[in-house]
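We begin with a single chain expressed as structure tokens, specifically the form predicted on its own.
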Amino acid sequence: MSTDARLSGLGSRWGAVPAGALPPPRAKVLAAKGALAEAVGGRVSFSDFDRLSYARDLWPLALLWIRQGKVPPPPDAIVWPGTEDEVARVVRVARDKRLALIPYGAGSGVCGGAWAIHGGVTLDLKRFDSIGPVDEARRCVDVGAGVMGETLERKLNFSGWTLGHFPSSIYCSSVGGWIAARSAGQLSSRYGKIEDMVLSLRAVLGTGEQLITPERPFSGPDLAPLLIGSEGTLCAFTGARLRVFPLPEGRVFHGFEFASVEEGLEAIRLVFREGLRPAVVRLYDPFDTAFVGKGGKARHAPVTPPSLRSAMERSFLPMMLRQVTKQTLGRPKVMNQLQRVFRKSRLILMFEGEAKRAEADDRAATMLCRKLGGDDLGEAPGRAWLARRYDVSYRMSRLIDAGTFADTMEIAAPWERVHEVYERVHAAASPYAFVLCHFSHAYADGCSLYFSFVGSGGDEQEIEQRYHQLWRAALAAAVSAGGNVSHHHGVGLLKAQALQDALGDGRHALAALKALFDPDGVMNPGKLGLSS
């Protein structure tokens, strides 16, 4: 198959990518081809097909562009190192030739962190795929940065262990990506975020120096927190020693329905104030309760493959759906005002661990929720959520197909500011998109707010304009109300300016770290608001 044919096929879902859409590789990168090939044993590519494949992550803006036949900025080349020495050699070539270097995990990020905005070389780390044996005495395991989440969890489960890290992207995200973006899993209220699981890190800095951080706990300054969440701007992660936990002996589910969001939030706050630590905490706002949080039994409807669908299923019905969806979501203010008829908010709790302890904690939480006026729904809502907990990750493309835009924004706030952040973001985003929210990743001092946005417009230009207006308004509202700019999706390009604004004078410390660990500015330039 020709390169043009493969490019066309890659874009067929949203409209073919036109031949010649990719700019040619930059001359200075082509000139470094021999040095790059020598650094990684020949595993380097300049092909248009590979460059297009690595041109984006899962940032919804990229999906909008692809629907229009536009291509996000591609790298000039891709390399696949297999050892830390090879990574160090690639970094040295990049420094010598002044080439941008973009570390790449599995490409599942949603903030543009893998976009090659200055071209350069994508550093794919998938060959770092080793999983060591579990050290049962110390409860840890050594893992390569390229290991996929589901692969790691299955292997740990086979020997009776769990990492306790279950992001919605677990099937398509890597350990290195988790560490780079400061990932959180669905059970973070019990097990913590990825930074709580890291005992030590292996990385190659932008200087080319190979680094192994001391294993926690130890005396003295800890470099690991300075690197976790750096999104490839300071180093490329090659591996980590991670804390693991025995598989839980028991699980207990419970659902409650409260008269308002405020009452549900107060119940969560008090649960944590009392020292209870549910593995899962999810409170749906009224509209999310009505359309997403409902459900008792898990449903698994059969899916008809596209090749077996009728002509009506393949063309007419999707066309009608696009028209109805665009007309409805083109007036988001009206739809958001309809939410006022809904009041109740659904809370889901799940406790796990030693069976008797989980049951006792559930009883204590149940007494507290009932005392606050929560209607006891039993275990069905929690079990239904568990059965469908990854479904949301596969709905985005359907909404894009329907001619809309869809995105999520996860932020966090202390308990005294959570409801104010919710109200302000909802109001700020309502003119541009239909808004839903749930509250999760709860802790003793606050929780995460996970907003979902769906919108449309008269044409592609208006849709993209609304998308950008939405994000500017929503982030500004979150920060002004006392929230942060990200809880676990990272920053990338999408939130870069918002992060710099939120850091205040702290941005100078971040710039100083960049100058120390990446003196020539070759590592993932532009991300986190750090220039090359």
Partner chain sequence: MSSLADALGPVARDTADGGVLLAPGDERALANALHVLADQGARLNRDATLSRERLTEVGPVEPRSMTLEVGAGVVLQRLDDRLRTFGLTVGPLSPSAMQLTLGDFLEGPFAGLRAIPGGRLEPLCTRLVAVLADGRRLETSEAPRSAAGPDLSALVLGGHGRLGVVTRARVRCFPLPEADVRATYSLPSPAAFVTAFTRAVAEGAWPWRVHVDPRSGRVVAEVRLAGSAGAVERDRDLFGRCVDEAGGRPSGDAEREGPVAVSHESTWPAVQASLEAGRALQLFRLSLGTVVARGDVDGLRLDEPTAWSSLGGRLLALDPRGVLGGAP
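Keep in mind that this is a model prediction, so the values were computed, not measured. Positions refer to the first chain, counted from 1.
What follows is about the form predicted in complex with its partner chain, which we do not show.
For the options D85, D222, E462, D375, the one in contact with its partner chain in the model of the complex, meaning a heavy atom within 4.5 Å, is D222.
For the options G112, P381, G239, G446, the residue carrying a heavy atom within 4.5 angstroms of its partner chain in the model of the complex is G446. The partner is not drawn, yet in the model of the complex one stretch among 422 to 430, 342 to 350, 406 to 414, 282 to 290 has residues with heavy atoms inside 4.5 Å of its partner chain: 406 to 414. Not displayed here, its partner chain is kept clear of G132 by more than 4.5 Å at the level of heavy atoms in the model of the complex. Its partner chain is not drawn, but in the model of the complex it has no heavy atom within 4.5 Å of D76. Contact check for K371: no non-hydrogen atom falls within 4.5 Å of its partner chain in the model of the complex. Taking the partner from the other structure, its partner chain in the model of the complex has a heavy atom within 4.5 Å of a heavy atom of R190. Not one of P72, S452 and A477 comes within 4.5 Å of its partner chain in the model of the complex, counting any heavy atom.
Contacts between 240 to 256 and its partner chain, taken as any heavy atom within 4.5 Å in the model of the complex, involve R243, F245, E249.
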